[in-house]
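Two separate entries follow, structure 1 and structure 2, each one form of the same protein chain as structure tokens.
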Structure 1
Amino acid sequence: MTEKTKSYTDRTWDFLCSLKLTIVLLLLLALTSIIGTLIQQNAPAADYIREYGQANYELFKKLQFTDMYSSSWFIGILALFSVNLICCSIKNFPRVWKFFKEPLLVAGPGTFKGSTNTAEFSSKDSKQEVADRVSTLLKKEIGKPRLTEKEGKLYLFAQKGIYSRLGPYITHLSILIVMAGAIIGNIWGYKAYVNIVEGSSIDQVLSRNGTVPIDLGFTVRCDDFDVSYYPNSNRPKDYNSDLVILENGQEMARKRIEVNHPLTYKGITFYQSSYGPAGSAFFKVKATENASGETVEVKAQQGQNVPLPNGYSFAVTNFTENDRNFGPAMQMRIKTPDGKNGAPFVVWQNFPQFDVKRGGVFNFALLGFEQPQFTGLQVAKDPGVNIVWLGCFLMVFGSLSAFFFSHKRVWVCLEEDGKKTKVLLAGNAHRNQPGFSLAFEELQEKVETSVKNEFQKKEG
């Protein structure tokens, strides 16, 4: 007799339920995740060309390696893996659901003889008396038992931890929820950057690759930015931005953000990422004419010619906040009345008398400076993040249920054996058999002790 050929539908169903398919998909996800780790995602094209060359960049772009987690083939793998999980769950769930809908209330002879955990003893009390005492004990140790009478015998069935059988399905569901949240975040979310000069505002950000502007739907203003440094160095110790959210001209939110303390508004989060100078610095300079002793205080911008008495002028050509640990310093040059530029020289804020020794027409002192700064913000929107968190919670709950709890079942059969009542006891657990065997031995001793003690009381 030839084996019946399976239909196309049956073969497709078997393929989607296949454990081999699960393993292959997991390996593919692991492999592609390695690629996504090695190749920076959503970087500007210039970065890829500089590191890998033009030809490799074009290849990466065609294969969608530069935005792998949003690529059609990666989402396709996730979708097929989701279908595989759903089909496996549908295939196996009816067998598990049967434990809920149709528990084995009456155990057959094979259960009491073939189980690893069995016991048999006799009592001189009646079946009903023994059933009452054993029921009380099972209710305390396992759970409320169910009594069934069949063919002149009394059967007791008690169980504990039946919901642990749902653990794998809760875990499967959690994986699907996490993947759904990740896909939602990839499709409807984004990561972007923006630089805001202190005192100014923006209502758009640039996508991570720096090419696509994204409307926020509201305005972000930077009221202030400040940075502090470690002593005697240019290494930043901390930097902060005062951000204000505006809608229709009204202030909706305000927060001073720093690294790891972002501002979130309408699902969009602003992280403190970087900072830098914005435009030319402004300097407060005191100029003293050496011949007359006349002084003037002016405000100068870097690169701008500032007039002085008698047709002279000066310009700040360069600046540093810490010149060889001497503190702030500016480089200057003086223009004579006939338009000739003098040699550049340096003025230190912390040493105002140094320039007197230069012996020029004027000597200068740096009274202070103001360098406009921009705050660099990383902007992220992920509408799937709460879904991912829900999936993670369910994954922990499902894993704990699946691996650390077990479904324990105990059967008791009471039958007349002459003037005695024969007691048959059996039990099993679908996980951690050695641990259940120890628990069953303790239960057996308690059942025997309970029956014998009651009989002794009656005899006494």
Structure 2
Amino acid sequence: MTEKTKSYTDRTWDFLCSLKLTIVLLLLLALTSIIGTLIQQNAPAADYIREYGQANYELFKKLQFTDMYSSSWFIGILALFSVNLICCSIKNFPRVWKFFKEPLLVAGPGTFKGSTNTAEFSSKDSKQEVADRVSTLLKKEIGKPRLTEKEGKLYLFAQKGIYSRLGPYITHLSILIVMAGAIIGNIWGYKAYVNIVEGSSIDQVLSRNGTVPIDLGFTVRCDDFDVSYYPNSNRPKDYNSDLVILENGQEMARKRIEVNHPLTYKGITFYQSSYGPAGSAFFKVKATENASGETVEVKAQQGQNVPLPNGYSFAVTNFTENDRNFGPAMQMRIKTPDGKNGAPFVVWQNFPQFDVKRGGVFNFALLGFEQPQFTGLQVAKDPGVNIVWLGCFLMVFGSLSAFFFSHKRVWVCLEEDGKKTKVLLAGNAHRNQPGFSLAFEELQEKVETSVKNEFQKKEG
């Protein structure tokens, strides 16, 4: 191939690896993301037309501003960003890997002379003796040193925190992992919702973006729903549903869910999200036969004919929560065994004795009324979510190790110098140099003490 094409691929590669591209893309992502916070996303067309006019709406549609976070151009920027991340890592990783594979065991004279953190001592003891002592010290202070002999000189190398070199790469990988998790969730998962009336069950849910029913593969029954309020207010404190999971008629799981405490079964999670009234209310009615004193307690819906002993029946024909300040009251009538309707009469919940006075075959008491509720559940299946959490964990872990730990290296060179031993010391850290310089000064003192063997003198 000609040289031109090669340099063209090279240039493309350099472009894709470049940090300038990273910065531009990050700023571009920040800037374009603003659009979707100013223009409402996924609203009905009429809303946009009302607010911005027809022409602007057409423009928004064309630019995909009404669903911009899944627009082709936004996904495109994210894709280019990922490519940038991958290329840059591929390009730089070998350089980092070298620190693991081929640590610089023997430092050249440049390291001992030219760098910031260096020191030089001399000792009366032999090379080997000094090496032993310094090794023990380095092992304690930095890490087990490695000894190399070269051209009559002894070299020591110790290091600490080499894994922090991987920090940026772990962070970068974590971003790709999060994206992968999000993509998996988008392809193989769904977001849906369902309303279940208390006492009933469902085996399908409705997709949140569209109204396609989705088969769950099992049945969910709601046994009970409750709302509790804060004392003396109508602020809801909690609402919860007793859910039961059934497969082939068999109970597989049961949980009382509430907001922030969902139920998960077979990868599908049910979140308490709303509630509301379902159908007409039930009245709890106690009927007493005046002759025998026998009582029955029944549940009645408005308009429904409810059987009583001896062929009688009754129906609740009307209800009010507050009848002229007397509290809840129902209007009802009795049907005799021969099918005749009696005259309507009223029963007040708070004054049961009134109906005893009415006479007749039965007297009634209103024990309570219940409005059946439906519980509104968000339903989600997201097989990618744990991958996202893994990515998040690595992201925090990786950026902390990148920012707050550094790879510290220390080199020592021991050289015979007449009867003495010349000791050269050097160190560096790949970040936080001022901090390392302080640590190095301390180390330097300890090495000096050790080299000159001052411990023993003091002890002896």
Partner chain sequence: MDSGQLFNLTTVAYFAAMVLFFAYIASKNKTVALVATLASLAGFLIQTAALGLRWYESYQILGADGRAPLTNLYESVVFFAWSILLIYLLMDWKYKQRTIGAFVLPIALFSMLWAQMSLSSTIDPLVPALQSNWLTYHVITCFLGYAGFAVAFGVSIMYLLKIGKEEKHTGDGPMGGVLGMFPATKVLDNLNYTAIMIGFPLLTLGIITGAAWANYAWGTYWSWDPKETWSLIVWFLYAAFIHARFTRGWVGRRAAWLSIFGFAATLFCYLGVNLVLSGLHSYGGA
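Take the two forms, find the largest set of C-alpha atoms that superpose within 1.5 Å, and that set is the rigid core. Counting starts at 1 with the first residue of structure 1 and goes up one by one along its sequence. Everything numeric in this text was worked out from a predicted model, so none of it was measured.
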* Specify the structure that is the form predicted in complex with its partner chain; exactly one of the two qualifies. => 2
* Core-aligned C-alpha movement of K91 between the two structures reaching 2 Å -> no
* To do: Indicate whether M68 shows a C-alpha shift of 2 Å or more between the two structures, with the rigid core used for the fit.
  => yes
* **F403 C-alpha shift between the two structures of 2 Å or more, rigid core reference** => no
* To do: Give me the C-alpha shift of Y57 between the two structures, core superposed, in Å.
  => 7.4
* Distance moved by the G359 C-alpha between the two structures (core-aligned, Å) -> 18.1
